[in-house]
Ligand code: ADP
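Just one chain follows, in the form predicted on its own, and it is written as structure tokens.
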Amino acid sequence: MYVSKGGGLKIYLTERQEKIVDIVKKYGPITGEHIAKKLNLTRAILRPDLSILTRSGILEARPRVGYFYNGNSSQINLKNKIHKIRVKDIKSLPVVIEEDTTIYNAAVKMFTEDVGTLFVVDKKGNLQGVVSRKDLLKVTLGNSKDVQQLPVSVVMTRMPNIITTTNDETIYMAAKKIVDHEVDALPVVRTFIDNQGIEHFEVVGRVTKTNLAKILVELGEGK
């Protein structure tokens, strides 16, 4: 799959395209017909994949000779890694509070746990809201008495306005959500339907800017 942006080609290899590259690396130069036979597919089915791989510079095609591996680019390899890593591979444990927790106790929890976002759940553990450091700061300034009594539910962002992610979502998509919605963290949720047919979200983790920065450093170091 590829998209063109700003005149440049950005590419993400499919599983079949990766197999084609591996075959050409091992047997090249090799014709399209021979690649198709090794994959038990027709030449026509492979034609779009071969076109993408040659246009991107990964493979080179020579008439009456076949396909060569062109060795291209760490950039493409890095993109493929980013699109393969899942949220479940980098997530942290969630820090949750119940919706009747006072704003004061929520602030204490945020401080002691050293996090910037708390996930608010009901008595059954279902996600009800999200509270950020900014939310607590706004309400605590000049309201030292009220924060001892007011529940955190009065300041939290509620469903369905919460941006979530799942275990199987790619870190690329999670990072894009964080950037697009200008949030510091996403709750990792597992969805389920109750007996009344109502959808609920169980919080099973969190993805933060720190999680994403760590994996970026690891990828940069070739890990």
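When you see a residue number, it is the position in the sequence shown, counting from 1. All figures in this text were calculated on a predicted structure; none of them were measured in a lab.
Keep in mind that the form predicted in complex with the named molecule is not shown, yet the notes after this line are about it.
> Going by heavy atoms within 4.5 Å, which of 97 to 105, 127 to 135, 83 to 91, 146 to 154 lines up against the named molecule in the model of the complex?
Replying inline: Single hit among the candidates: 127 to 135.
> Only one of A185, I35, A174, L53 has a non-hydrogen atom within 4.5 angstroms of the named molecule in the model of the complex; which is it?
Replying inline: Exactly one residue meets the criterion: A185.
> So which of A61, V179, I45, I163 gets a non-hydrogen atom within 4.5 Å of the named molecule in the model of the complex?
Replying inline: Selected residue: I163.
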